[in-house]
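Shown next as structure tokens: one chain only, the form predicted alone.
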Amino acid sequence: MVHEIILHNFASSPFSEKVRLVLGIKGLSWRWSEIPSMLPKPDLTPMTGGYRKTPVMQIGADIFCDSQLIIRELERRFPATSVTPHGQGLPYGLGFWTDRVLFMATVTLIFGEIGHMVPEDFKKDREAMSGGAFSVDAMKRATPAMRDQWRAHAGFIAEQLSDHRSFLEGGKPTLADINCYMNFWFIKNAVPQTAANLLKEFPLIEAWCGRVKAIGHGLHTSIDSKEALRIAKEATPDAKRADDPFDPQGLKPGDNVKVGADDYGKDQIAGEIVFGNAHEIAILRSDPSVGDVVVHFPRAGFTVTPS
């Protein structure tokens, strides 16, 4: 049975925007399941086992966590309009720069400005996610240095566009555009006047942002989270057991492990290995609300620990 793509996300999530744009480039139809921006996530936790981050993609009883792996899976399933036409490796590595170094500068600029308006429950959630204090004062103090860094990183992108190409790798949008655009989208939506001031120096980036935004998100319709649970429960995971002879820890299908992010949102998700490789680890887990599901994580940026 062919199952629909369900993206569990919320509108202001920058990492969800990456996936939504990939769906737009590929011209795919999908379902939007609205989730809270913070815990609890009562209709998502049964599928993921407690994974905190957004977005999560569901296809039947296969659950894909982290935008990196979600995009890789969309490329595998829908290769016709590729977002990695110039090679499938380095674009994902580029994401580590945009998702971590540039993203943290962006976060500091945003919350250094509007952090005083953030509700206390959001602050507490993000403290639990990061393992550190959500200090608006600290972000304000860091803002001058982060402005310098943000400008320097934006300068890399501006240089790439300096020959007036339409997109970062030429005439068509690719994963390079998706990865880089996320931070501009986030800051433009959160603190538009600050973004406008920062981008005065970079008119080519401003124009490029307009072209990326125009891609859109494909055709999507909403789906109730209870319906998504039902779909998972009635489906059978597609993932098949497969050995990984090169696993650095000697892990194999059937082994019990815990998987968690290595930067923030480090909650450990327990399950039984179905398969693993250099890019992905898939674990089987069960919950009364969904039955058996296979939860897929990237290997880069995640820890896998025997349990």
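Start at 1 and count along the sequence shown; that's the residue number. Remember, it's a predicted structure, so these values are computed and weren't measured experimentally.
The protein also exists as the form predicted together with a small molecule; that form is not presented, and the subsequent description refers to it.
Proximity of residue 275 to the small molecule in the predicted bound form: non-hydrogen atoms within 4.5 Å are absent; the residue sits far from the partner. Though the partner is left out of this view, residue 177 does not reach within 4.5 Å of the small molecule in the predicted bound form, counting heavy atoms only.
Of the heavy atoms in residue 55, some are within 4.5 Å of the small molecule in the predicted bound form. For the chain shown alone, residue 14 is a contact residue for the small molecule in the predicted bound form, at least one non-hydrogen atom being within 4.5 angstroms. Per the 4.5 Å heavy atom criterion, the small molecule in the predicted bound form is contacted by stretch 64-72, the sole one of 24-32, 64-72, 241-249, 275-283. Only one of 37, 45, 256, 268 lies close to the small molecule in the predicted bound form, with a heavy atom inside 4.5 Å, and it is 37.
Note on the partner interface in the predicted bound form: the residue among 205, 83, 129, 102 having a heavy atom within 4.5 angstroms of the small molecule is 129. Highlighted residues 151, 156 and 181: none comes within 4.5 Å of the small molecule in the predicted bound form, counting any heavy atom.
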